[in-house]
Each structure stands twice: as structure tokens, then as C-alpha cells.
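Encoded as C-alpha cells, the following chain is the form predicted alone, with no partner shown.
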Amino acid sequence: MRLIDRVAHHNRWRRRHPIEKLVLALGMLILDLVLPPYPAGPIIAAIMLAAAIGGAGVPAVAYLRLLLAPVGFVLAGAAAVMVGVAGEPGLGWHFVLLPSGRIIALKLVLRALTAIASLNFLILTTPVENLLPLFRRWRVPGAVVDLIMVTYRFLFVFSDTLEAMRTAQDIRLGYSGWRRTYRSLAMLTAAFLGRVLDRARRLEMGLAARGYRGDLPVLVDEGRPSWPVMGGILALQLATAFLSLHLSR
């Protein structure tokens, strides 16, 4: 989370209007879903990689780290698609590789990684607070928007608290053996839950004391999207669709 937040606030496209980045990322995501996974997947992934690293200046290491994080889940899903169960009652059951499993698994991996690349571009170039005015403009309930903002910020508070508590346990040799490790983890979980509930209660009391009426205003320079940029994005997406359909013939 810290890596995502730091990169989102320190990239070259930090000040660009979020609508532009939303149109690019979500448009490519839609193309990934409707076009053939090959060659559309590699083309879209390459475009999003170039936009993030070459255009926005996102560090390649950060982008690849975030891209590789869900690879295990994708591969596990692909493996489940490739394998089936065969046999008859009373004669035993066994696992077999499905004839079309490899092709289906490859398509699944291509679509999943391309979708992840598109969403990674959005979250690594757009801070969360820049999206809040869009949610309000789109008539998302104020309570939902505030919950998103508070939850996101509290992730860092909880992370700091958890790290400090674990460091204190480590200094006291709380993880020097298996028995101590299990005991320390149990104590950490119980204490952390209490801290979370206490923080939430104090936040609720603080908001009530400040006259909270269901809205937390955030000062954000909304600006306006650049129509030439929007036109270029749409042209790029049309060219991507045309090239993918042409190469898939």
C-alpha cells in the first residue's frame, strides 16, 4: 500500500485529470474482455506498460512488483481449468489433463494479466483523493465516498500500529521459537483487534464532536480533462481494436 500511494503521488501524470486515466485504463479493460485474448492481450499489456513507465514515469520495479503480486492466484486458477476428474463410481477417480484445458488456461492467463496491467496503471498514476470528486459527481452516496476515504487512510494507520507492535514483540524475543511465535501471533492478533476497535470508536467520537452530518469535504483541484488527450486515447483504443482483429484473422 505504501508503494502504491508513494508512486501515485510522485509520477509525471499526477496532475493529469483522472477522467483521462480512467478512460484509458477502463477502455483497455473493456477491449481485453471483448477482443480475442491473443493477440489483443499482449498488445494492450504493452501499451499500458509503456503508458505507465514511459509516459507517467512509474518505476519499472514498482510496476512489475505490483503486476507479479497476483500471478499466483492467476496460475492457480489456470491450473484448475486444465485439470479434470475422470472415473466411475466403484472403480476409482483420478485427475486428468483436459484436451482443451491448455488453450482455455492460456486465454485465462492472458486476459487476467492484461486486466491487471490496466488497473495497475490507474492505481499507480491516480491518488485516491483525486477520484473522490468523480464519485460525488456520479451521485455515489456521500457515506460510501467517506467510507472509502477513511478506510484507505486507516490502512496506513493500522499498518504502522501493527509494525510497531510486532517490533516490540521481536525485541523481546517473541519469535525466537515455534511455540513463542504462535503465542506472540495470538497475542498480536488479540491486541491489534482491540486497537482497531478503539481507533474506530475515537474516530466516530471525533467526527460527532465536529458536527459530522454525512459529508467529509476534501479540497482537490479538479480541473478539466484535455479534449485533445481524450481524442488521442480513443484513437489509440480504436487502433488497438483494429490491429487485434486484423492479426487474429
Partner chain sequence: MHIMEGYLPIEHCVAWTVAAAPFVAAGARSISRRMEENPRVKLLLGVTAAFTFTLSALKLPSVTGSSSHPTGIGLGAVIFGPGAMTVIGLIVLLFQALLLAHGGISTLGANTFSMAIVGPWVSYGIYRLARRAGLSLGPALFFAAALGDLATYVTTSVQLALAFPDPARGVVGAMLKFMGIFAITQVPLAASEGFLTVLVMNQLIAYSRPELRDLGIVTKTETGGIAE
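Each form is matched to the other, and the largest set of C-alpha atoms that superpose within 1.5 Å is called the rigid core. Residue numbers count along the first chain shown, from 1. Every value quoted in this text rests on a predicted model; they were computed, and no experiment measured them.
Unshown form predicted in complex with its partner chain; subsequent notes refer to it.
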Quiz item: Is residue 61 close enough to touch its partner chain in the model of the complex, meaning at least one heavy atom pair within 4.5 Å?
Solution: no
Quiz item: Do residue 194 and its partner chain come within 4.5 Å of each other in the model of the complex, heavy atoms counted?
Solution: yes
Quiz item: According to a 4.5 angstroms non-hydrogen atom cut-off, is residue 138 in contact with its partner chain in the model of the complex?
Solution: no
Quiz item: Hey, in the model of the complex, is residue 77 touching its partner chain, heavy atoms inside 4.5 Å?
Solution: yes
Quiz item: Using a 4.5 Å cut-off on heavy atoms, what residues in 143-182 are near its partner chain in the model of the complex?
Solution: 143, 144, 146, 147, 148, 150, 151, 152, 154, 155, 158, 159, 162, 166, 178, 181, 182
Quiz item: After the core is matched up, is the C-alpha of residue 162 off by 2 Å or more between this form and the one not shown?
Solution: yes
Quiz item: Has the Cα of residue 179 moved 2 Å or more between this form and the one not shown, judged after a core fit?
Solution: yes
